[in-house]
Structure formats: structure tokens, C-alpha cells
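We begin with a single chain expressed as C-alpha cells, specifically the form predicted alone.
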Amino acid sequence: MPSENILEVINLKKYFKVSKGVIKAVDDISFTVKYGETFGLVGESGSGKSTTGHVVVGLYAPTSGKILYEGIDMSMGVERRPLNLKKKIQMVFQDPATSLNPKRTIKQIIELPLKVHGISHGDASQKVAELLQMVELPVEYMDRYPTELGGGERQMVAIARALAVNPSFIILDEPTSALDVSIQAKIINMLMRFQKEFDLSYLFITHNLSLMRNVASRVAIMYLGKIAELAPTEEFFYNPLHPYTKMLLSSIPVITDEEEAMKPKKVISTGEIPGALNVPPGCSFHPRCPERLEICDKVDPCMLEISPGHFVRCHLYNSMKV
């Protein structure tokens, strides 16, 4: 029976050796992304969410663990991946000001992936024009440089570049966080439309939990390189389990009394956020956790499935495993 998952990340680790020790940016995480799904990977700065995306797309080779794409093992690093597999997975980065080469025209930027992957479309200008129209930019922009465009327009160029080679999977790394609020909704609506039109699967990386409520079917929360909780979106928001998840959800700003009533009770964390070089023993969240147990500072909890599809890594739920 064919798998329902386009991507499987299994016990993935990515460590970086530095002069003062080892940074465990991604520390033994597992998740899947289904065909046609938007999977949300959420966390604060330094949680390891962007590094996860970079390992999946092949910018970094994993320290250990497996990455399976349509059942094919991609753990060997991008330089050893088959070219047709590289084409299927594309990425849209957070800041288009740094992800687009300022010395190349928009036409050169968009047609470069076509050249890299040996895709011939006859008249390259016509293909670039079609892609610009697709992302609602004037065709005349193909002769301009990124510095001549606004932030939102540059991100649309980045999206057009990602779509140029007809991928089936796109990693979206904070694609709207560097943009004005006025353009964020337009970008999100465009991405959701493309997902339906081209049958795309998304790994959506963000710090914005409110955004995930509207676009993702499942959400995972990362903290200091590990996944703290993973659940279907509705379950995640209505029945959060991990104290860290509750803390994040309780701090989301709301407008109406109804929204306020749906939020978890305000969770006040204690202590400071540990650095990546100084991850505490046991549960990494225990120095900040108001519900910590005696075991929390000694033993790192395992990921438990509390209800179908709802996983949590917390000692509070050891007796509730399904």
C-alpha cells in the first residue's frame, strides 16, 4: 500500500562543532508531511526550526537520522542526491533581500533553476513572463534588479523561482515575517492557491502560531532542538498539553472576549532561556516550567502519543500513553 507521506523525518540530528563545544541545533526529531498537506513547524528563535528546513532541502547534511522523500533516502547530503529529486524540493527563504542575488536581473534569477536542472522551455523569456504573471507581477519586471523592488515584490520573485521547476514540495521558512502586514495576507493567500492548483505539499516554518491556525493541518512545536508537542491543528489549539505550548498560546494577542476565553490560562515561565551551548540536562524546558517534577531535571522525556495523532514530550503524561 502506497504511503500517505511525501516526507518522513526520522530521528534527525544536526550538530555543529564550535570552539566552545557542540551546538545541538536539531536533536533527534521525527515527523511526517502528507501529500498535499501544510505541516507547521513552530518555535522561538534558536529552536532549530530553520535548521531543520535547511537539512531537509539539503543545505546541510544531517549528523544522523533519516530523511525519506517519497520513500527515497535523502540522508546522504544534497551533493549526492539525484538531480530529479533536487528539483522536486524547493525552498522560499525568510528574507528575499538576502536570498536574491542583487547583481542578477529578475529574469536571470528565475531562469537559473531551469538551466541548473536542464529544463528547456524554448523561449526562456516567455516562461519567466508566465511565472511573473502567476505571482501577479508585471512582465516588465524581468529586466529589473531585486534592489528596485519592494520587499513583498521580491518575495513574489522568490516564490516564482521556487515554482519554476514544477516542484512537489516547498519549504517555506518564515516567508512573510520580513514583510509589512499589508502584504503578508496576499502572500499567504497566493501560497494557499498555488498549493491547490499544483498539488503542493508545504513544510511551513514560522514563529507565528496564529498563522498556523489558519493554514496548517498539523503543527509541531520545537524548543531547543527538540519537538515538544505535535498534533492536528484543531486539537493543538483546543487541547494543548505541554507547558511550553500552553505558555506560547496564552501569550497570543487576541481581539474578542470569545478568543480570550479559548486561550489557556496564563502560564508564567521562570528563569532564563538557556543557550544552545548550555542545554540543561533532563527536559530542556524544566528550568522555565511551572509544572516541573523532580524527574524533569534528570531524565529527558520520551515522545508519547496521548491520543491519535497527538504527541507530547513531557513527564506529566507518562501514565496517559495510548
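Everything numeric here is computed off the predicted structure, so don't read it as measured data. Residue positions are given as counts along the sequence shown, with the first one as 1.
There is another form of the same protein, the form predicted in complex with a small molecule; it is not shown, and what comes next is about it.
Q: Which single stretch, out of 63-71, 278-286, 293-301, 39-47, brings residue heavy atoms within 4.5 Å of the small molecule in the predicted bound form?
A: The contacting stretch here is 39-47.
Q: Between the small molecule and 18, 51 and 94, in the predicted bound form, does every residue show a non-hydrogen atom at 4.5 Å or closer?
A: Verified in the predicted bound form; spot residues all in contact, yes.
Q: Within 4.5 Å, heavy atoms only: does residue 25 come near the small molecule in the predicted bound form?
A: Judged by the heavy-atom cut-off of 4.5 Å, residue 25 is in contact with the small molecule in the predicted bound form.
Q: Within a 4.5 Å heavy atom cut-off, is residue 235 in contact with the small molecule in the predicted bound form?
A: Because no heavy atom of residue 235 falls inside 4.5 Å of the small molecule in the predicted bound form, the answer is no.
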